[in-house]
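Coming up are structure 1 and structure 2: the same protein chain in two forms, each one given alone as structure tokens.
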Structure 1
Amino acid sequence: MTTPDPHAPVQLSGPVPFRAGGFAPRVIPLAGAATLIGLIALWQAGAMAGLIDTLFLPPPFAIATALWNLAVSGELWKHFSASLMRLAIGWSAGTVAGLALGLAVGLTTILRSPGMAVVSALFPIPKIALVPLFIIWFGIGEGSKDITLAFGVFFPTVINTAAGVDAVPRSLIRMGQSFGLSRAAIIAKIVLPGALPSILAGFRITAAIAIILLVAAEMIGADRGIGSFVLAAGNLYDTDNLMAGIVVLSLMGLAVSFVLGRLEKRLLRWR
């Protein structure tokens, strides 16, 4: 047996071995959708075969039936419209205030450090813990619910707006100044449009937070609203309606995400 001599030159011929494969996963939307449908089908089958206790986990068909009944009886609209109103008011108020402070923090020295200090201190407080305080301050009417949502929306908006303003290239601002634009014109025509991508990204976050807080906000004094509906169903161990309410909340989140996606597409098509 001859062993190859390590010092002899090695002969090469043939194709060069390919070494750059992998690390590039492809997106297959059909696979995603099919998986979700498959899981739901499995869930339904499990319930029908008696493997899943319907008390603890209602099957998809029961949830769909509960949703249908809610829609037909008008209950769904009653709760949904009440929540929608609170979301609209609370989110808008928190967003407007957050945009204003975020801009100020991003642009002025007076407000930058104090503003960021206050926001950083108050932001981590779980809003759910503040609900009893809000009741004392604002009562159990609509006010405390709108304020809870506004509060939860305010802080991420400030942070994202300030970050967006910071991200506007200083060279663009100098360019505006060099062409004699006023401070107001620079803010309106350069800073705000430049911060818009960050602001819209922030909207995705705050919209999700608002929907999550809806349940907390509607805990006190609400006899209507998706959040209060979910709470009541949970309390009564009415798991079919509980899951139906959760599905509605989930769909609300998806709808908001879709709308924001379209908004981004339209406003940011220059990217």
Structure 2
Amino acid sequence: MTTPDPHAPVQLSGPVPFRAGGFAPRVIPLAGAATLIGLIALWQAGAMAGLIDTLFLPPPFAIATALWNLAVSGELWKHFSASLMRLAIGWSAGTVAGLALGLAVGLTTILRSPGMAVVSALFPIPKIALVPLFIIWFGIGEGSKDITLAFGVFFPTVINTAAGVDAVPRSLIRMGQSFGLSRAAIIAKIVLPGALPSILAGFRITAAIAIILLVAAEMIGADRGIGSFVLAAGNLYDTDNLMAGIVVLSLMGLAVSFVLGRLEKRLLRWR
């Protein structure tokens, strides 16, 4: 009886099944759209069957009618344009300042500890609680609202940017140094592209934070804007218009998320 050679290659009796296809979920847009349409249909059916009190939760058809009336009268654009302008100014200002400090904290030793100390101390403060203080400091006009949004966006942007810089593999930076690249070239060609996924992920978070703070600021001190419109409708128990305003805020968030998603695909094609 011969002893099998342990070093001999293993003979396979058939093809080996492919096992590396997991952990790669695909996006199916039709499934998402069908889910939303189904939920809206159930909501409408529940209201028509009397299972949902339409005084407290109006059906989708009533909300759509309210949105149409607001759009035709021009009232919707008046409030939406004011909110959109505040969102653009506040988010942009907070993002630019946050990127600047985040990169400085991630790239320089002298600013790292002082910068993160200030961010760690101020970031946990609820920004909504600061709205009255900003109104006292900057007045009830647009300045206080823009500062509120910028302040809320600034700190998460700093944290995500610094974390993205720290996550860049140091081996890539050393390789760039060994090839004689300048500091500016290493930052532009290695650090920034490597930190970009974390920065763009932070944009999604800060966009949601900015919308929340926008509504809060407009509810406290504004005569135009979706937040003030929702507050006025709630005070009058006008639930149709109240839900219409909430739908507009939801659509605004979806639009911002779509734009950021397209930006990610364009900027992160190298992945």
Partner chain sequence: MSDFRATRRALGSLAGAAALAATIRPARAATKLRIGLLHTLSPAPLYLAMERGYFAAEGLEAEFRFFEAAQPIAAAAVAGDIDIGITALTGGFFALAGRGALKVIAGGLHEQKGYEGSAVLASPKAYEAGLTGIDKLGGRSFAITQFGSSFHYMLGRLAETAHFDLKSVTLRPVQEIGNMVAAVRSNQVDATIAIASMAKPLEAAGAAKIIGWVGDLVPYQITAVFAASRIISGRAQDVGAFARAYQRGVAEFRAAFLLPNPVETDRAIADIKKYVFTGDPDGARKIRGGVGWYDEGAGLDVADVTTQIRWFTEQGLVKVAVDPAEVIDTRFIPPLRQS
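Since we're looking at a predicted model, the values are computed, not measured. Reference numbering: structure 1, starting with residue 1. The term rigid core refers to the maximal set of C-alpha atoms that superpose within 1.5 Å between the two forms.
Here the chain taken from the form predicted alone appears as structure 2, while structure 1 comes from elsewhere. Summarising the core-aligned comparison between structure 1 and structure 2, the C-alpha atom of residue 32 is found to shift 4.7 Å.
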